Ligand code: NAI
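First comes one chain, alone, set out as structure tokens in the form predicted on its own.
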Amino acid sequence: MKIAFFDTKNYDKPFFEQFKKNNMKIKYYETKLNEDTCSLAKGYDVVCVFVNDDINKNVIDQLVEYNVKMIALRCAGYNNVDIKYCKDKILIARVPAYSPYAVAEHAIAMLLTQVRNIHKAYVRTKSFNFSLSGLEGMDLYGKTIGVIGTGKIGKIFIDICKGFGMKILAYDKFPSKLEKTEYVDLDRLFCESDIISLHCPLTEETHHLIDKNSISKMKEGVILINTSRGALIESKALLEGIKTKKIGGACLDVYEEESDVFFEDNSNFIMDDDTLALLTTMPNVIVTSHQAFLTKEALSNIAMTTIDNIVAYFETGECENKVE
């Protein structure tokens, strides 16, 4: 089996080399898979891709022409793949649950950093400034947190929030039976939540779920957390909400236009994205570079499951993690 591995990062290769089978040959490309780079997949049986590779109709047609038999996603989300167009042309498999604890714990870490001003204190004490002025925080105990999306990650996030003594409001199209969790409609969740955390997939329905209209329904000073997909939040509406102090803080591990920015060192370049540039200057905005998944446990699970998906398809013609 010959596998073309796109958007390779330095942390990917050791884990995939550990789990790959003897009959596998992997070619690692740093470039992302898109219409301009698709020719690199010629002669390979599988392409292995990540969240910012662009698998549109033209790319799919090229892959089929090259006789590529499988698109192996090493992530849970697949909004960057034209799933409908792939049907009956090429198989797609994903990693549905590589480490929900990693993402949920990162969301909590960002929240704690935000409400206790840990990021500000860290910078100050590096310069031997031990003043407490401006570092007043907020208790999580007794606060209402709205959780949008109660899949595996959302449920773990809720369990952690219960440990802080928080009141849980939740929204999901397919509610689960969760203790000390009240399922409500989105309008009530927006109106009553002190903190809102997003744990839902990006679909046509959830695109810009957080926009000017939904922000207008929220409490003054609400804190938003997004560790799912950037386009769940309309970035310009978020920026305006922060500038008007309607939004008291934002914790963003993802960003709407992250594909050409995140995962790369852009420290020597001028940021072209004015919205992102402004967001990162705000004292009440914490941005991390799509790293919520990045734990040793998660990377190991991603590599193992991706390899297992490939083996299962080539040995049986089927794969339990296929996307339809």
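Only a predicted model underlies this, so the values are computations on that prediction, with no experimental measurement involved. A residue's number is simply how far along the shown sequence it sits, counting from 1.
Not on display, but discussed next: the form predicted together with this ligand.
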Does this ligand get within 4.5 angstroms of any non-hydrogen atom of F293 in the model of the complex? yes
Test of understanding: in the model of the complex, would E205 fall inside 4.5 Å of this ligand by heavy atoms? yes
Just checking whether V81 would be counted as a contact of this ligand in the model of the complex - the rule being heavy atoms within 4.5 angstroms. no
Tell me, yes or no, whether K173 is in contact with this ligand in the model of the complex, where a contact means a heavy atom of each within 4.5 Å. yes
Complete contact of S193, G221 and G249 with this ligand in the model of the complex (any heavy atom, 4.5 Å): no
Which of 213-221, 173-181, 135-143, 84-92 lies within 4.5 Å of this ligand in the model of the complex, heavy atoms considered? The stretch 173-181
Given that this ligand is left out here, which of L239, I108, M166, C200 has a heavy atom within 4.5 Å of it in the model of the complex? C200
Within 1-24, which residues have a heavy atom closer than or equal to 4.5 Å from this ligand in the model of the complex? none
